[in-house]
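Two forms of the same protein chain are encoded below as structure tokens; each is given separately, as structure 1 and structure 2.
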Structure 1
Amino acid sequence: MKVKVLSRNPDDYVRETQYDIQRVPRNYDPSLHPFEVPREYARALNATKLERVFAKPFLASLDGHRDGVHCLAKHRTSLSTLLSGSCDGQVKVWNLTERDVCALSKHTKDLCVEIVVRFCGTSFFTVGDDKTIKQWKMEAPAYGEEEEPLNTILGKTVFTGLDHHQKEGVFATCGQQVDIWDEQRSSPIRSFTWGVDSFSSVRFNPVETELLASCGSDRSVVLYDMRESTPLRKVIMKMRTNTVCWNPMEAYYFTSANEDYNLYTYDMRHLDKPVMVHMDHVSAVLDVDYSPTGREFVSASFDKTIRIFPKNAGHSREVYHTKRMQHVICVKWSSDNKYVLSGSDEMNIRLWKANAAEKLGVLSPRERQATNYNQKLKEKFQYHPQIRRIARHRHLPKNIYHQAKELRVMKAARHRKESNVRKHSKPGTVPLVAEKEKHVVTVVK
């Protein structure tokens, strides 16, 4: 004998308190929900529109310098501390939570070229046009105490770049050559040259800490190993590279900021051609910095904008600009992956959100759940034409818009000319245009 009994558990439909949300049962059988896809598409479209409505990336401006901001440095252990150096030799230590100056020091009356924080975060180094390397303590001087450097090293030539080792008391400088210094010595422990007049930038690898890269005046990017007596490899590009930045999560990848308006991501094991070419700037790219996750990087350009690129995409996902911001000289991505900082010619440091539409502060569980749901919907329908058009649209200043349009016309004309030359060339011969383009990148071992 079979007996069927209806069993209802009150916990499934009764609220614990009067403030709880009513529990509604749902059957996930797709046959019962014929309008699920159109409903989700409408939600994704609304979420995409609202994202553009609430995209307000600019947060604050830190003013106080009396000349253009030339360099920025992140603190190794404190998220709220930022160091900046200006063209008049003034170095400031900022507290970002209070948006105020913590400490102030004067390198020289000349240009402060580069600042770098020691790996422990207790002091920082500066180099300038006066051929000196100075070490300063991080704390502000006590009342009545004069601001004096902890250590001063006098070099033979002008220094143009500086970077510190991630784990040891070793730092590197560049000028007429790349020098490796020990903090306890007044002369370099190792020097590297490779037929270059001068170097403009040097960077340590944050993963493989014995490796470093530098940019030369002969349009080259040179790789070094501190354990070797000679440089490893050299890449000669079509135009000069201003700076490089290593990926903090993938040891072999680095991105170079070039004068030809592009950024190039290379795998140091295969330097014959770049892994990715990142295009969108309309003037020389001056600085680049990776996010702590290694998935994105931010670039600063002479065209008065900063752009955020995914590491494996050729075009930027965000472009930030303001009416008053001039040529952007330096840029940094904060260590908590939330903010981007930029320094420009008109003496201001600007703080931006890394994700323009992200809500700052503490989110309630329902807000976080709604945000994640909308994000998944946008990813699901990201290739639909209307949603893709809204998500990709960015307002640009008129001059940048026209310059980008002009570059597209020039590129199309160049491509059309190359195709015509190849079409009319004799079989078995190499066209002159293809012959020129073949030697854009040269690898020297």
Structure 2
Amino acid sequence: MKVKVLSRNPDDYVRETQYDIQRVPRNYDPSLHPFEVPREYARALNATKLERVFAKPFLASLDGHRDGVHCLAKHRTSLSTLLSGSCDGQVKVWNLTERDVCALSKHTKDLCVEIVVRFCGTSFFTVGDDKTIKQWKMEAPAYGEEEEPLNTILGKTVFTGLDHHQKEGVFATCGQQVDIWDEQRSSPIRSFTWGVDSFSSVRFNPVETELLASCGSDRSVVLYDMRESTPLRKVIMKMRTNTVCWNPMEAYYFTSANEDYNLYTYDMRHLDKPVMVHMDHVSAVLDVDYSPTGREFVSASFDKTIRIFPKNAGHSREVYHTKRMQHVICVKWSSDNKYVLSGSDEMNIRLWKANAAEKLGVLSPRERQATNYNQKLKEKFQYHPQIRRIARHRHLPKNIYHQAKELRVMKAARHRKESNVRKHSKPGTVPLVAEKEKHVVTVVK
């Protein structure tokens, strides 16, 4: 006689060890899971709302300077170290994890213009408006030892900018001319001049390490090659450029922070037209720094805000401000792509999250999966008006809000007038000029 019994293979439902995931039988039959689009839409909406709820970007404020913070410098090899120089000539080395000063050095009586850390991270250079370049040790002086620079170079003119080569013992300063210095020598190995103007900042290209860019007071951005005897090319814009920053992942792109409230991303091979115009600030942009992934950059403005722009978007994705933060002079993006640091007029350095709603620290696998899924949902449904409305919403201080509105109205009026002129004049006499082309005056070869 044959007896029929229910038989199940334990391999189908028993875990091998207790640490394995439970086997969950799933039925993916689409008829059992209807309304996938509306359900995912609801999830995306919730995710977007939660993102706004959790968006708390401000982490810490480092106070201790006795004057406005004029310059910041990232450490090349340590994430937790930050250097800052203030308008009273004081240089501080901060430990970010403890949010405390770990070393302090007095540069001069006057303004400390620029700080830059050597690539090895053991020393740093400063320039001030006392015509000196000084090299300092990174460590604090031992007890009883006096704080003294390792090396001092006395220049002929005032220096206004400084940057160090990515890998070699070479640095560049700017003032009346752009000088390239060898660390071992007391006179520049090369000087570039083009006209008689003074320069406000100089930056080395981190990828093509022999290239430099500087901003001149004749509203120009000048490119140099360290190996050539002459500058390469110069682009003159309608208003003055304050700083430039090279993209650390894309060798030929750089972004310039301009006085006309905009930032311009250029391809260095085609200077006649910027690749992208980034607008949103309502006052002069004072500093810009790329994220180490090269996909975004952060800008500091005189309008007391920091904005984060995707490199290929015309408008910012994020704006940071606090009630007490004054004109932001300098800004840096940390080398692990997680934080943004800003130094402002009211003597404070502020630490922000680069992604406002991101959870810091280690994520459990399920958390990570959930955040990834939510991120994708937000991306997928970003064009839907309700979701976009929530995702785009930011609180702005009253004056900035109204100023932005005013600028918008002005721009619209200009546009309207232009189109009216075009409408009432002979066809072809008033050509359409793209926004990108409006801001470049000439390219000087």
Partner chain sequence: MGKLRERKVSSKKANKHPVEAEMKEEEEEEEEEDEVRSDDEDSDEDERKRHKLVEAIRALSGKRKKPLVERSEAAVLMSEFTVAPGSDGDRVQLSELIGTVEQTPSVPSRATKQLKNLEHSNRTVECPLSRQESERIHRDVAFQRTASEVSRWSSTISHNQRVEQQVFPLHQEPLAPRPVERVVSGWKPQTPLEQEVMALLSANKQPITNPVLTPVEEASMKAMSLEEAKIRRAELQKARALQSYYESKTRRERKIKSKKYHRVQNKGKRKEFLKQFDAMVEKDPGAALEELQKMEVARMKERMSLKHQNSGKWARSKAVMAKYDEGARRAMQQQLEVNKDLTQKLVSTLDQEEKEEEEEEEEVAAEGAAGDVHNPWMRGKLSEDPSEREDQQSVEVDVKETENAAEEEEEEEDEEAEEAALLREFERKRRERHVQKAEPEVFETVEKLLVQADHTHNSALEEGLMRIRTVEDLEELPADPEPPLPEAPPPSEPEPPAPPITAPKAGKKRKGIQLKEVLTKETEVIDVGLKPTTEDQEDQDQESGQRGLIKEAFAGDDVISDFLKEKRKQEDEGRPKDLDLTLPGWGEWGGTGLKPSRKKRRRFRVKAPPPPPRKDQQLPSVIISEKRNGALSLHQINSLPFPFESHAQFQSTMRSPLGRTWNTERTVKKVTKPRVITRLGAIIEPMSKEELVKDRKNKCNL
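If you superpose the two forms and keep the largest set of C-alpha atoms that fall within 1.5 Å, you have the rigid core. Bear in mind the structure is a predicted one, so any value in this text is a computation, not a measurement. Residue indices: 1-based, along structure 1.
- Message: Just verifying the output here: the form predicted together with the partner chain should be either structure 1 or structure 2. Which one is it?
- Response: The form predicted together with the partner chain is shown as structure 2.
- Can a Cα shift of no less than 2 Å be assigned to Y28 between structures 1 and 2, given superposition on the rigid core? The answer is yes, as the C-alpha of Y28 shifts between structures 1 and 2 by 2 Å or more after core alignment.
- Message: Can you give me the Cα shift for P10 between structures 1 and 2? Core-superposed, in angstrom, one decimal please.
- Response: The shift comes out to 4.0 Å.
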